[in-house]
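Here you get one chain, nothing else, as structure tokens; it is the form predicted on its own.
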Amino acid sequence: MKVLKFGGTSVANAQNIALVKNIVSNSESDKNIVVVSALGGVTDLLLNTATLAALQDDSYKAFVKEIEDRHIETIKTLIPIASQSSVLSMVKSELNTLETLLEGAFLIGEITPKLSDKIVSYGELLSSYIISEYFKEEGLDVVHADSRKLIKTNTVNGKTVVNFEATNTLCSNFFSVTPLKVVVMAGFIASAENGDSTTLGRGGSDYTAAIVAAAVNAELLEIWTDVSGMYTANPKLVKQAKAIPHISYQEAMELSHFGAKVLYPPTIQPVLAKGISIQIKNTFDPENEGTIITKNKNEKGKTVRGITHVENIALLSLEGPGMVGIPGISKRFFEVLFQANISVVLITQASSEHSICVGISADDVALAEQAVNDAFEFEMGSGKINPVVVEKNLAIIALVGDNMKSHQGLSGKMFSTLGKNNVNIRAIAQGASERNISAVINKDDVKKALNALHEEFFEENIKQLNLFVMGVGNVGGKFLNQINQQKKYLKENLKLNVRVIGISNSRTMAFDEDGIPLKNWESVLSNGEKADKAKFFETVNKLNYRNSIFVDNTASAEVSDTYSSYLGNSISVVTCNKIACSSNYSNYLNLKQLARTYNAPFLFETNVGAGLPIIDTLKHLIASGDKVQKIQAVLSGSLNFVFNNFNDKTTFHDVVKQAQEEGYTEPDPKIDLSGIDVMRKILILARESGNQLEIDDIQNNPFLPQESLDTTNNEDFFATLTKNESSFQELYKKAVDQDSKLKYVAQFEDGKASVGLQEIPKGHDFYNLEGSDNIVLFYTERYPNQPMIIKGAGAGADVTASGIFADIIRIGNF
């Protein structure tokens, strides 16, 4: 004999019920007890209808009509026309009685628990009757059993509990003499000794099936639902979650108590003592093995079997000096909650006995707060105990596994993972059995916490990075293409799964929580919404993904002003935008401090030298205890390109125009040619060397005429270059006459920095610097005479994009 329970989604409509019939028909057991829930959504409809009726709101009648239509439509779809009459008559008769009950609630303006149970029971009564009649029409050997005659309940402390002695006798007697192969009965509903309808709580259909399975010593209890078993985490929140093939009773109980909704928590208790296995299967994928729950130990001795959570939690804390060493405080505290019929889901107490903290449902918090304050009114009045402290908007997350107790460091691994993602822990609980480690966190952090923990414990150390990219022009576009090209390599070789969740340019922005398909990101962006920097940040913050990284590929001061907001919300920042790090020193220092405080890396390698590892090398020198004495550098790839291509056969205007068109300069080339860009770079290197310096402290020796510096747009700027061509030719001729080359040099020494055009003689390290290359000479205590030299391509969209890419990988390896 086997018991099969089908939930609301499995019997939501006629199409699904047909699938249920196929599963039952194919069962190999000699007798099948089929327990069904109400049609999907009907229980909620009944509860809402009853509430509206009690409020004397006429709109409840529309819900009654909807409930009737759902059942009539199901009958007409499932039952042949010739057989519909008797079924429709029976169902309409029951619906008329339901309507009468609701009219009564409407007239008296209230609904009692007894009446509520009576009303809500109609969901299962009607669905089980319709399904049994459909089975008959399909040729199954079936009978419909009234659950109210088989499952009896008592009332204990105001709560309905099963009378197992009476129930076991009734079930054993009924099923032992029933010759038919299939028995269909309603889940969720039962009756008191006086015959009044009672219910077993939301999810009670699972419980019904377990009660019956234990009563008849069934060979197996199958729970048919819309997922293929119990998962390592909620698959709606953690897309990488996977079904657990085999799990113990205790592990399943922990997971279900802590929010795994696939199984109603009390379900396991009746079958546990009998050793009856539970199999959770998918109605819509019946060939899938799902999850088997037994008393056996879990497969291969795995430690963490699942990660789960409970939402809508509040913390209630009682503390004060008068609690220390005083017997009975805890007893009184929990007795108050018991008398108020409030269930405690988590308990933690400091070893000093100075405080007790419990987690309860947020729905009970007002009642609990008042009850506890009333009970300890005297102690609070004398200052021995403080008024109870309430914290709301919380949730509990839990790691579950039988073998966790035999593995060291799991708690540390859990809390370290949460800490790295800036998930604040409000309370912790762990039983002596170590089967469960629970933590209370902000409810807004649940999705991030679950995904971070799942990644740590179940995903073979593959780390997911979630990118939000602002600026997808020349550099940004190359960066997205590089990510797309290397995605597979990163996952297979570096264990990094890089997803781009949001992108924006100056006109539009777009988000995709599953990751923007990078093969056609241009199309996605063109169909996006209007760009809004504030809304972009709000969306990133609201999504609250683990390992979130904001990537700034712009040259915008307005965008750089948002870095503190990102870092302050534990969102890493990677940028090629030099404005923030060359802004006032206090802002630079604040951004670095925010990065440390909120464990959000702030990386800007491409601020100096594009893709060259200049800043990273400097950081390693400083970290290892070396000290910088002098820096000499050619830091502008654009200026090096210009002066390497400018001669007496070209015009300065044409060479600068070429550099702009090939992406070597900023969109406004005056930023490069005025020396501002190089000033920012040497300032950043000076600061990263440990020096406090402002941009105004740097001496700038411009080579551009003043009228070029005074222009406000590119058209006027280029016009002045043509006008002053003779001046530029004179600079070139003077250098040639000295057998030298023109290079724009930045220097820092003895706390002072300068930038300017210099004539570099033959034999100097800068002389043969070709194309758009950069070069940096670090003179340090360890490299006093022969400097450490870093040289290579220092400009261009591809190398800048690769530098940003490298910073992303650095974060992935943190």
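One-based numbering along the sequence shown. Everything quoted here is computed from the prediction, not taken from an experiment.
The form predicted in complex with ligand ASP is left out here; the points below concern that form.
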Review point. Can you say which of 53 to 61, 765 to 773, 745 to 753, 33 to 41 gets within 4.5 Å of ligand ASP in the predicted bound form, counting heavy atoms only?
Key: 33 to 41
Exercise for review: Evaluate Gly203 for contact with ligand ASP in the predicted bound form, applying a 4.5 angstroms cut-off between non-hydrogen atoms, and reply yes or no.
Suggested key: yes
Check your understanding: Is there a non-hydrogen atom of Phe479 within 4.5 angstroms of a non-hydrogen atom of ligand ASP in the predicted bound form?
Key -> no
Practice item. Can you tell me which bits of 173 to 197 touch ligand ASP in the predicted bound form, meaning any heavy atom within 4.5 Å? Key: Phe188
